[in-house]
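Here are two versions of the same chain, shown separately as structure tokens and labelled structure 1 and structure 2.
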Structure 1
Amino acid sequence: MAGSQSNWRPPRSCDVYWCEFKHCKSLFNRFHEYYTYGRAPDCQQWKEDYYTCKEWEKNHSTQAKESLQESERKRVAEQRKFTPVWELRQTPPADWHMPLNQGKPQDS
């Protein structure tokens, strides 16, 4: 079979791609894309991903797998296209779970 991961499956199930495509094309979303970004949404990729997903389901082709992976990696990269203003933590704040002291100063 194709690929080193024989238990690979598409990052999203195929019906989710179709769902996202329909949602993207909806009047509501088209309005909000304009309201937010002043442009029309680009929905074509969702449709292509749906057909690629279906193709993978049918014959498990490497090409379909790689096409889907590339598309999703692009989406992830798009979501990360900004320089963070702050430094991310490795661990949560120490005092998040500390009990409240009613009116008394807390030790940090």
Structure 2
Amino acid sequence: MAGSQSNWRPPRSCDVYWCEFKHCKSLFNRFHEYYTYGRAPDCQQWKEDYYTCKEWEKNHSTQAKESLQESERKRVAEQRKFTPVWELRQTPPADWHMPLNQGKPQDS
């Protein structure tokens, strides 16, 4: 068990967590989030993950490892909760092999 713990690495490098935090705090991203969702983004989790990752690199603490894993699980669950925009097809259309504009007058 101790050997498997020493081989474990965070899902992202610590620099990625810091870059995500800086991007989250950027003026452009704040404006985009406010325009799109009507609220400012919460960037605190990226900062906490960065410091937790740094702690993992220093001490290899089990608490830091579990915290990073839980945070990544929450991120993945958050991404999966959105419904797709289009319905996925089971089979291609019957006329998939025909040229797109065959037999249709062009608007010009």
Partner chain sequence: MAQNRGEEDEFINKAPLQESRETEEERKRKEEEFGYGLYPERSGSGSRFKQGSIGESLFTFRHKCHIMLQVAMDTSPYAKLLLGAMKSSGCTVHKDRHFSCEDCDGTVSGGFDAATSQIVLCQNNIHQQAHMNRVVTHELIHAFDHCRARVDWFNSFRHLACSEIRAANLSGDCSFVNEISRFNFGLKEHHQACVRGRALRSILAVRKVSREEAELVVDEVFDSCFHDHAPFGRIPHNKKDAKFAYRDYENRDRYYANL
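It should be emphasised that the depicted structure is a prediction, and the values quoted were computed from it without experimental measurement. Sequence positions of structure 1, starting at 1, serve as the residue numbers. We call the rigid core the largest set of C-alpha positions that still match within 1.5 Å between the two forms.
Inset, instruction - Tell me which of the two, 1 or 2, is the form predicted alone. - result: Structure 2 is the one predicted alone.
Legend entry - D95: Cα shift of 2 Å or greater between structure 1 and structure 2 (core-aligned): The answer is yes, as the C-alpha of D95 shifts between structure 1 and structure 2 by 2 Å or more after core alignment.
Inset, instruction - Taking the rigid core as the superposition reference, indicate whether the CA of F82 shifts 2 angstroms or more between structure 1 and structure 2. - result: The answer is yes; the displacement is at least 2 Å.
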